[in-house]
Each structure stands twice: as C-alpha cells, then as structure tokens.
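In the block that follows, a single chain appears as structure tokens, in the form predicted alone.
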C-alpha cells in the first residue's frame, strides 16, 4: 500500500512493531488442544488406576534418590560447611552443635516421597475430582514437551496459584501421564495438619518457613537442599512464583527468592541449562471464592487443620465446572541469559562461598519472573462467566437478561480480537451458554423475572447497616474475582482509554502515570511502559475504537462503547486509590502505623458508602489498600519510619493531594471544575456526559 504521509509511515511502523511483539507471545499462535483426563476415570476402575505400573523417565536416566541419601548429600556439602563455620565463629558455639542444628532444620524441611502414598492420593483424588468437576482438561502437547524437557535438563515447574487444589492437581496430572513427580515447596502451615501434613510430605512436599528473617543457617540449608535436587535432576522442582494464593484471582507480583536459588547453579556452571515451565491453571468456579472475599474484608484466614479439611467435605455436593491446565513452552534459562549476564564473574570466587547476586543478575531474575507470570496469564483459559461478571459489576443495579446476553456476545468478540484464550462452546446457542453460566454461579447471580443481578446473602434476622454492607461487599468481591481473570487481556487498552477520557494534555504522560500507579495491582514488566503504550494503541486501532491521524489519538464514532467499558473496568481501582489518598490527607493521624493503616482505611470507606458518597464496594478490599500504599511509597508520597518496634507512615500531603487530583478531576472543563468530584462519580458517566454535550476535546472526539 502506498504511504502518502509521515503520519501513515508512523502508524505503519507502529503496527509492525507491536504486531511483532504480540506475535512473539500471542497465545493463539501456540495454543494446543485439550484432553479431559476425567473421561477415562469415569469409565474405568480408580483402584486399577492407582495401582498401575508407574515408571517415569528421569533426567539423563538418573536413579531416583532416597530421601536419606539426599539429606546426607546436603549435610556434607561444602557450601553448608562454610556457613556452619561462619555461624560458629559469630555465635561462639562449636561447629558440631551448629551441624546438629542444620540436621534438625533439614529433617523438619525435607520431603519423604513414597510411591505408596502417591497411589493413595491418586485413588482419593480420582474420587474427589469426579465429584467436584465436570472436566479436568490438559494440553497433551504441553505434556509431551515437558516429558522431553525432563530428560534433557533440570526442570522447574511454575504453576499459577489460585487454590489449595493447585499442587494436588499438578501431582495428579503428572502421575496420570507417567511423568516424574515433582518435589513441591509448601508452607509450614500444612505441616501442622495432623496426618495430612505427613501424607503431603510423603507425596513430595518439602516445608519451608514463610520468612527466614536473618537466619543465615536456615537459608543455607534450604538453598543447598533445593540446589542439590536441581543439580542432580532427582525430580522436577515445583513452586509458586507468586508466593501465595491470589485471593483476587489477579496475578501477584512475583517473589524472587526461590527463583534466584534454582537459577544460580546455571550461573555457576554446575548445570548446562535449566528449563522453567510456566503452568496456567484455570478454574471455572473457584472452591474458595466466598472465603477469599471474606479474607479481603478483614475476616482472619482459617488455620489449616485436619478438622477444617473434614468440615470442608460439604463442598463435594457442589458443582465446580471445569478446570483447564495448560503446560507452557519450557523456557531455557541459558537462552534467556545470553548477552544479559556475564557468567565468567562467577569463576572469580570459589563456588561454595555464598555471594550476594550482582545487579545484572538481580535484574535478569526479576525480568525472567515477570516474563513467566505473563506467560501464565496468556495461557489462562477464560470461561463465558468472566465476561458476564465484568458486565454485571459495571451494572450493580442489574441488567435485563437479553441485554446481558447481547453485551456478552459483544464482549466475547472484543476479547477474541485481543487474542484472549476463551473457552466458548462453539455449537451451543448464546442464550444456553449464558443460562448455563448463571446456573453454575447461582450463588453469585440470579435471574428474577427477566433481570439478572448479583446475589446478596439473606440474613437470618435483623441486621445493622454495616452487616448489610458486608454481605453486599462479599457478593461484589466474589464476582470481582472472576472479572479479574480477564483484566490482563484488556489492561493496556483500558489504561489508554482512561488516559484519553481523563482529558490529559498529554495522553502518554497520563498512561505512564497510570502504568506506574498500578504496577503493584497488575503484572507490568519493568521498563515496558513505551511498549505497553504502543500495544494499547495498536489494539484500540485494530478494533476501530480510535484512529491515529497526525500521530494524535482520536476516538471514532463507534469507539465510545469500547472506551466506556474499559473505563468502567478500571474505575474500582481508580476509586480505591482515590479513597486511600483522601483518607491519608483528611483523616490520618500523624502517628498512623502500618498495622493501623488497613483497618483505618476500611473504616473510612465504610463511612463513605453508608453516607451515600461512595458506591464502589471493591474499595474495602485489603489487597487494593495494600497495593495503593505500595504505589504511594514507590512514588515518594508516603515514607516508612521505624519508631521503637512499630513502622509509622509519614505522609507528604502535597504529593498525595496531587495524585488525588490526577485520579479524580477533569481539569479542562470549567463547569465541572466548579464542583469537587466525589469518589462515587463514575469516569464513564463523565465521559458520556461530555460526549453527549459535545464538549469532548478534539483529540479524543
């Protein structure tokens, strides 16, 4: 096509650049077909399945290592002896005593994998999965890639983490496909469960503390234990890069400790390569949905216990739909590190001496962690309900069933055009798809007459306004956990839509501000601001929502519904951050401690909702409040100061007020400037009013 102007050349180059970037990670280009592994289980004996011959192929044909032998290798390692001598000199205790402490730590930590216990779990989980789920679907090509990877190099499995079911499901799938069972990093919480804790240990779990503090010996035992298993390829290592279950079903900022440990043997030349395998586990209905909502509202998390597990057996009478497990393409650490990390510097020191990672190494590990989580997101399978939940949350008063159906079909088209991995029944009529989703999630949404609205738990007796608000918030946050599953698809164009309708003098600057502000709430790879902006432009142009003449960004005649939807998608986050800013400026006392912060902000938000000044229940989420504080700390609007044994928050009110202004005010329209915008004022409503009144500035008209 002939390029007639400079702007056309700009757009052409932009499209090529972003298309190539998207193509490199576009799931549509590499997604595999799924097989339902429960289908065979429903038609054959579970006992025969559990007792079948199990002979997995291991890394370079190594012989499986007994648990006691593994512990001896760790205790005799040069690195551990070096740290033991260090601790002995620092504490004044004899090395033999420190050695005994290390042995006790390792005994508490180590797995004792036994195939007999695995077979018991295989039998029990087959019964449970067939009761709980309609299908458990696995991509077979991913399994074949994993089988090949296990034979070539040490493998690290990195699943997404949305449920307690994740690590059980992973081992069950690998056993089903005759693959080597992983050893799994698990929290100490599970070790306290009588009988079950030991069963998990004998199924491959090794237990670690949630935090090590400054315990040098514990860190040395732990890191050497993991590296020994990795160097010798005794079993794939499995851990959750996010560190904990995501209560919001958004991906969490990755934790780097364990990833540093499993990559270090490659840097030191102890292994030729390490294969990192991202695994995406998608639940049509989450077992812990209401539990998560209550935790986000401040209800303490139930302690893991065997009695609690037995009480939870009532879930066996519920239908939780389908699970999709996608094993991604193995990521070679060697390939990733090429040209980024100079490994020769590791030859300057003896390998057994622990060293703090160099800056380039830390940067590489951080970039790798974000890359893996993005790959997890790309391969998450989305069900129709996540689209319906997104629409219902923007219409809390409810929608006509016909309107919900029509808008779901529209949103489906938008999601597919953005390469969402959507599992939509091809042959089923749309009305049936919508009704089936409503039936499965009847605890969250109901149809009354021809109107669909969120379900609010019915109280047994009279309730206070605060209790009614809590019940409503549980419903909204539960529904939001499904909406959050699609956010990674729409996030970048949504931030651009907000930047446009914020009437900023410079759209990119506003986008960059939002990108920085939300980098704790969403997976935004460090340094990718420009690339994400270009991707957002490309996607909005691709779907006809905007045009880019003369390098400006202009909303098209048909783009208003898309931009309004995107604004509504991010509105809870904008309002949540704005409420935090207003609390810190208007209500916070000078001695506000970090521990007091979340209850205080929640109380402030409750007052706003009860007074009718705020309608956004998601503001009550502790996750949003923590992320807002993290953003303000990163932007130097708040500082932490340790006073005695408490951490106090020092607020720069001028900076926080400035951020509040950017989040909540439209500065270019004089008649709006005269009235302060309350947290309850919808950005979508503002945009629609401006568009209807013909007041939209030329560059977004």
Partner chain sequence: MASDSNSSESQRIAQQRLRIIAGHLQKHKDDDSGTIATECKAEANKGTVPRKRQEIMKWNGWGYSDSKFLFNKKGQAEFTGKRYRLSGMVLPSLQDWFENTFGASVNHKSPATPALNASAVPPASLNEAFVEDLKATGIPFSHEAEDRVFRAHGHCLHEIFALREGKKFERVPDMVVWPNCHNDVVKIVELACKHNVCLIPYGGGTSVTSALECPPEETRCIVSLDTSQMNRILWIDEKNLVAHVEAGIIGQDLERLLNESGYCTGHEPDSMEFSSLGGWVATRASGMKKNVYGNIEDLVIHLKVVTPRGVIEKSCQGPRMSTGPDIHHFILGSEGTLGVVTEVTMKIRPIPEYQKYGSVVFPNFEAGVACLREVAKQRCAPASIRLMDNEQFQFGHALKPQVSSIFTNFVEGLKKFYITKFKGFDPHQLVVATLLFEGDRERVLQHEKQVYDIAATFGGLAAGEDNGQRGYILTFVIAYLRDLGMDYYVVAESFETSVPWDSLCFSLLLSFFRVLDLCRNVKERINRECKERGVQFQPLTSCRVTQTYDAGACVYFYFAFNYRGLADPVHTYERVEHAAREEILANGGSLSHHHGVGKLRKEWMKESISSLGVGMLQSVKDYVDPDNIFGNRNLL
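Numbering follows the first chain given and starts at 1. Since we're looking at a predicted model, the values are computed, not measured.
Unshown form predicted in complex with the partner chain; subsequent notes refer to it.
**Student:** In terms of non-hydrogen atoms within 4.5 angstroms, which of the given stretches 606 to 614, 511 to 519, 337 to 345, 82 to 90 touches the partner chain in the predicted bound form?
**Tutor:** The contacting stretch is 337 to 345.
**Student:** Would you kindly say which of 269, 354, 257, 357 lies with a heavy atom within 4.5 Å of the partner chain in the predicted bound form?
**Tutor:** Only one listed residue qualifies here, and that residue is 269.
**Student:** Quick one: from 69, 57, 655, 647, grab the residue that has a heavy atom within 4.5 Å of the partner chain in the predicted bound form.
**Tutor:** None of the other options qualify; the answer is 69.
**Student:** Would residue 161 count as a contact of the partner chain in the predicted bound form, using a 4.5 angstroms cut-off between non-hydrogen atoms?
**Tutor:** No, no contact at 4.5 Å.
**Student:** Quick one: does residue 73 come within 4.5 Å of the partner chain in the predicted bound form, counting heavy atoms only?
**Tutor:** Judged by the heavy-atom cut-off of 4.5 Å, residue 73 is in contact with the partner chain in the predicted bound form.
**Student:** Within 4.5 Å, heavy atoms only: does residue 273 come near the partner chain in the predicted bound form?
**Tutor:** Yes, residue 273 is a contact residue.
**Student:** Would residue 78 show up as a contact with the partner chain in the predicted bound form if we use heavy atoms at 4.5 Å?
**Tutor:** Although the partner chain is absent here, residue 78 would touch it in the predicted bound form, with heavy atoms inside 4.5 Å.
**Student:** Under the 4.5 Å heavy atom criterion, name the residues of 129 to 156 that approach the partner chain in the predicted bound form, in sequence order.
**Tutor:** The stretch touches the partner through 153 alone.
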